[in-house]
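For reference, the chain that follows is the form predicted alone, supplied as structure tokens.
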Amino acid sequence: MKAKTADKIATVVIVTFALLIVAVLAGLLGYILFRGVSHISWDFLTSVPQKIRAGGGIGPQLFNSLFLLVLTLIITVPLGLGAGIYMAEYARPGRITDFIRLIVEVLSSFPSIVVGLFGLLLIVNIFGLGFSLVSGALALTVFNLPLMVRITEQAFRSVPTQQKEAGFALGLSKWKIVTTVLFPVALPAIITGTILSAGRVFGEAAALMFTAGMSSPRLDFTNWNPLSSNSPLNPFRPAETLAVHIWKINSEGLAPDATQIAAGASAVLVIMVLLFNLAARFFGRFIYRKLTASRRMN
């Protein structure tokens, strides 16, 4: 077979598979949005769910998902950045470093149900945190942290070595080079890693059923005391997230409009993930331009 013919066949096969993947993804998103967008309203987004009667909403579950996202990022981002920078810039090659990377890879491949059971045993029972937002955030950190570490390490390693050498030539310290030379260049990839890890918070259900719980107390959004049991800012209260709520409605929902509620909640979940990804990418580019003093060429 001639080289040109083989190249054309390979190109057609690759393009076909790419279009197939895009079509499947577009069809899945379109199906979810088509079924659920018509059920979304302000009342649906802010009202409490109903167990038996029709007309329930997803207000507390939506707030719980956002609050859990914030708690998880507060834990994951500093730890992931620190560990990734250490692995990329400070860790010496050797058996210990290779063993750490192996542990990271193993943790990233753990099924979420295993992480949930681990969180139930250790965080909920042994540590005594119970079913709470903090327990859910710690459980999500277990399999979000390896991804964050790996993305950060790869982002720093992708920076050209000439920039690091230029910093050393100017007499800059190691930490100064990391913070002012390498970090601005690696920031877009780090933002992408943060987006990927944050997306799991919105879509995760199995691990949160065993750690954050499958019910929420009636919240008083006028009570901003984080120590109050019915305050929305209390991180030690049980919290049913949006993904868990969708599973619960589909499996044991008794409301006459349970199907419509599940469809609307699924559409909200997809829209939230898309909006968060778009906003985070825009914010990452904005920060990159500020830190590197780069300007868009006309």
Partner chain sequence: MVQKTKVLSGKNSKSRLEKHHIEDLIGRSYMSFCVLLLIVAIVSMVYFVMSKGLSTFAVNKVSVSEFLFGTTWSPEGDNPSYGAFPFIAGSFVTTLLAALIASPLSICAALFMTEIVPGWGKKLLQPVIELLSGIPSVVYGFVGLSVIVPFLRNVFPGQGIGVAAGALVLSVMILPTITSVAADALSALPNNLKESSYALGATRWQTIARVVLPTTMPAIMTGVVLGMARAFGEALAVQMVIGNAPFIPKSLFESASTLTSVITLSMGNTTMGSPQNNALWSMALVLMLMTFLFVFVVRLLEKRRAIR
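Positions refer to the first chain, counted from 1. The shown structure was predicted, so the numbers you read here are calculated from the model rather than taken from an experiment.
Although not depicted, the form predicted together with its partner chain is the subject of the following passage.
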{"item": "Interface membership of Phe236, its partner chain in the predicted complex, 4.5 Å heavy atom rule", "value": "no"}
{"item": "Interface membership of Ala279, its partner chain in the predicted complex, 4.5 Å heavy atom rule", "value": "no"}
{"item": "Partner proximity in the predicted complex: Ser266 to its partner chain, non-hydrogen atom cutoff 4.5 Å", "value": "yes"}
{"item": "Contact test in the predicted complex: Trp247 vs its partner chain, heavy atoms, 4.5 Å", "value": "yes"}
{"item": "Listed range touching its partner chain, judged in the predicted complex by heavy atoms within 4.5 Å, from 225-233, 269-277, 40-48, 63-71", "value": "269-277"}
{"item": "Candidate from Pro188, Gly203, Gly130, Pro217 lying within 4.5 Å of its partner chain in the predicted complex - any heavy atom", "value": "Gly203"}
{"item": "Stretch 79-94: residues contacting its partner chain in the predicted complex, 4.5 Å heavy atom cut-off", "value": "Leu79, Gly82, Ala83, Ile85, Tyr86, Tyr90"}
